[in-house]
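Form predicted on its own, single chain, as structure tokens, below.
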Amino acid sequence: MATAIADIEVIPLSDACGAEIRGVDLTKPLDGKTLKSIEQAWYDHLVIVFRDQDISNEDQVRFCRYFGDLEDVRTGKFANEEMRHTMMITNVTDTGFQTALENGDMWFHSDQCYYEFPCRASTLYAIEIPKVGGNTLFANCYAAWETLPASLREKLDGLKARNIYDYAGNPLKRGDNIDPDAPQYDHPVARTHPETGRKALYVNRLMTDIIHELSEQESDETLQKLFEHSEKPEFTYEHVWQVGDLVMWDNRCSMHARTDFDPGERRMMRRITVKGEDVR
């Protein structure tokens, strides 16, 4: 059921996470009351969706700036120096922006967890979508952590894991031969959200390589259990894209994956991220 909050509607999209926000035109600046309601919905639902938005890159930049400083695109060469924050996640090559070429499904991950300061928020705006597939799965990592056996939470709390991302290898599914010089960083297995104070599981199938305090065998076995647990359907929301969707998610307490789609069809998403803080 829709809930009226400061003249906007917040409509939950699943029991796990995700909410659609209605009554907001992102081509216009937001007043403080509306922004506060949107921010609270984001904390409550981890993923927020705005449908039927006809927004420019500048509109998306303005919206993201409400949540903090913008992150420069950190990989590759800028295609457009004036748009240092914008990347097209697309299999289309003539965008005029820096692009990440992609086709197929992509394993669960948390954006930039392989850096010291991962981004706090990510946004995607749907410009072109395939007829079928290319959906985004979002997982609630609060729920994943809180439903682990108490003994396992006690064992893992305070441990750190290495997160590594090999762009030049296979950026969609982690392989066995990872470049040791690829971007990597150690973060807590369970991180504490700076706004809500809740702990969230902070390991993922694509990028988490090892839990340092465990033996290699125990680390591998534990991570596999954590991956399978955190990706359970009861913790996930699948977003089926429509042109004009703007979706923002909280990387501190969620992770996401992409489903497969026909590589012969065009898929174009405009991505802008917000800088993060220390991971604790």
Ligand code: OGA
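These figures come from a predicted structure and were not determined experimentally. Residue numbers here begin at 1 and follow the sequence given.
What comes next is about the form predicted in complex with this ligand, which is not displayed.
Participant: So which of M83, A182, I89, I210 gets a non-hydrogen atom within 4.5 Å of this ligand in the predicted complex?
Facilitator: Only one option qualifies, and that one is I89.
Participant: Let me know the one among I129, A190, L148, L124 whose heavy atoms come within 4.5 Å of this ligand in the predicted complex, would you?
Facilitator: Checking each option against this ligand in the predicted complex, the one that comes within 4.5 Å is L124.
Participant: Quick one: find which of 62-70, 212-220, 250-258, 39-47 has residues within 4.5 Å of this ligand in the predicted complex by heavy atom distance.
Facilitator: In short, 250-258.
Participant: Decide if the three candidate residues T99, D245 and R266 all line this ligand in the predicted complex, where lining means a heavy atom within 4.5 Å.
Facilitator: Contact check failed for every one of T99, D245 and R266.
Participant: Classify M106 as contacting or not contacting this ligand in the predicted complex by the rule of any non-hydrogen atom within 4.5 angstroms, answering yes or no.
Facilitator: Within the cut-off, so yes.
Participant: So, D166 and this ligand: in the predicted complex, are they within 4.5 Å at any heavy atom pair?
Facilitator: The answer is no: D166 has no heavy atom within 4.5 Å of this ligand.
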